[in-house]
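Starting off, we have a lone chain in the form predicted on its own, written out as structure tokens.
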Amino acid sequence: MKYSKALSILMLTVLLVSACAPKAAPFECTDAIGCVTIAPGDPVRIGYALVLSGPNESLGIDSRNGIEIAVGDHDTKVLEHPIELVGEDAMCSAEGGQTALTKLAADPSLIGIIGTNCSSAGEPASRIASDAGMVLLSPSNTAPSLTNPDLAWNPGYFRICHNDNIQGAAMAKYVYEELGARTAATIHDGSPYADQLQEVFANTFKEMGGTITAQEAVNVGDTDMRPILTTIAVGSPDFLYYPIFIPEGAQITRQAGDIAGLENTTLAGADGMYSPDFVEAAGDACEGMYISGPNLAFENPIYDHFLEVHLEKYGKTLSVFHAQAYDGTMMLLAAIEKVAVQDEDGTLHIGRQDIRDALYATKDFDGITGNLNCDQYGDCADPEIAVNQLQNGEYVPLWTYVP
């Protein structure tokens, strides 16, 4: 009886002390553009907007694989909440980017979005994501305009891949100094990616002392490239650079050999044509041509692990931006861990401006693609450009450029 009485007194004392103890103040969101609250056990939801159908789907599937491996490497959870991926097909067009981001931005539970692949989709996508208070991290939007505050930049946009101000200059340097070409022509398809990349190439080539004989354009969906190629052939350029996408690039490659005046012209494309699908579409005609793009010679344990997992889950990599998708996903998860406020019951509160600020403040982030540092307009890459040559259907790196 004495023991029971003493225990009752002790329990009463504990209850009184607990009742008198100060209680944690309920969370109050003071973030300038709002907060996302995630209940105990609910998932942290991340979106992706990639090209997942059509002739350029290898680019998007390659990036999606990188995202999924990153989530797996993060034990499929963040701050003890499961990670849920929500995807939309942004295709490779402005219309696709607008549709995909409109759907994703309508979901207030999404923390951020990985995408898009094509810069034409990236321009409307970055605006919609920005207006919704979200962050958009692109693995492969290389058009310079997207991080130019005087052109298409929007707050909350980040580029994990190189800027084509670097790729265009690198290709011009290779062509002029390594191949010894003194005349060149270009073809673009009107997209921000192709138009801006060929323009940087042409301007740099001229600055080095070369001559640009023609800068022509085709339309997405064109199949008869002979009229444009015939026009270009008048100048008999040493080099023809067409940094476009797989369908039109394959048609140009197949038809160029039939055009008088282009017999001795060296053909070249860029990373939009780095895919086994391009090799299949272009056939034997692509043998020996040059393709610029990011250097894939990542010599670090993270990439060794990545390739091992990728081979087991998906087989060979399909394009050149899987590592950038992996790094972008890891950067977003790190930012969530940095800024999230967690209640005692596990509820998470994530400020949207806090996420942006954390990503813009990224310094010395150790990724597959190097040491990542974001500037105030979202350029985060540690870029290296490789020039590859197609040999027996394989992309063989010949030369690298580090700015």
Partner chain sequence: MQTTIRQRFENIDYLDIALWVLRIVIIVAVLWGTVATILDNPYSTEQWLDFLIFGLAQGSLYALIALGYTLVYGVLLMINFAHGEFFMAGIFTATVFVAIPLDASGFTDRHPIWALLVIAVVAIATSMGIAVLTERVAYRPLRRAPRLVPLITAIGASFFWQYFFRGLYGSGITAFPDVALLKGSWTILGLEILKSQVVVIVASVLMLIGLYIFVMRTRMGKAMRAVSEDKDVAALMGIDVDRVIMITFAVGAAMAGAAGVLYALMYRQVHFFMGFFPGLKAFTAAVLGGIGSVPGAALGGLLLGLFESVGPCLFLEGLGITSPYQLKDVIAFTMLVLVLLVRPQGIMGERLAEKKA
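Residue numbers count along the first chain shown, from 1. The structure displayed is predicted, hence computed values, not measured ones.
A second form of this protein, the form predicted in complex with the partner chain, is not displayed here; the remarks below concern that form.
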Study note, to complete from the structure: Answer key, the partner chain contact in the predicted complex at 4.5 Å (heavy atoms) among D222, E178, E80, E207: the residue is D222
Practice item. State the residue from L296, A152, A202, I259 whose non-hydrogen atoms include one within 4.5 Å of the partner chain in the predicted complex. Key: I259
Point to revise | Non-hydrogen atom within 4.5 Å of the partner chain in the predicted complex for each of L390, G393 and T400 | key: no
Check your understanding: Are any of the heavy atoms in H310 no more than 4.5 Å from a heavy atom of the partner chain in the predicted complex?
Key -> no
Point to revise | the partner chain contact in the predicted complex: Q215, any heavy atom under 4.5 Å | key: yes
Check your understanding: Might D62 be said to contact the partner chain in the predicted complex, defining contact as any heavy atom within 4.5 Å?
Key -> no
Exercise for review: Decide whether D189 counts as a contact residue for the partner chain in the predicted complex under a heavy atom distance cut-off of 4.5 Å.
Suggested key: yes
Exercise for review: With the partner chain left out here, work out from 137-145, 113-121, 231-239, 67-75 which stretch has heavy atoms within 4.5 Å of it in the predicted complex.
Suggested key: 231-239
Review point. In the predicted complex, which residues of 277-302 put a heavy atom within 4.5 Å of the partner chain?
Key: E280, A281, D284
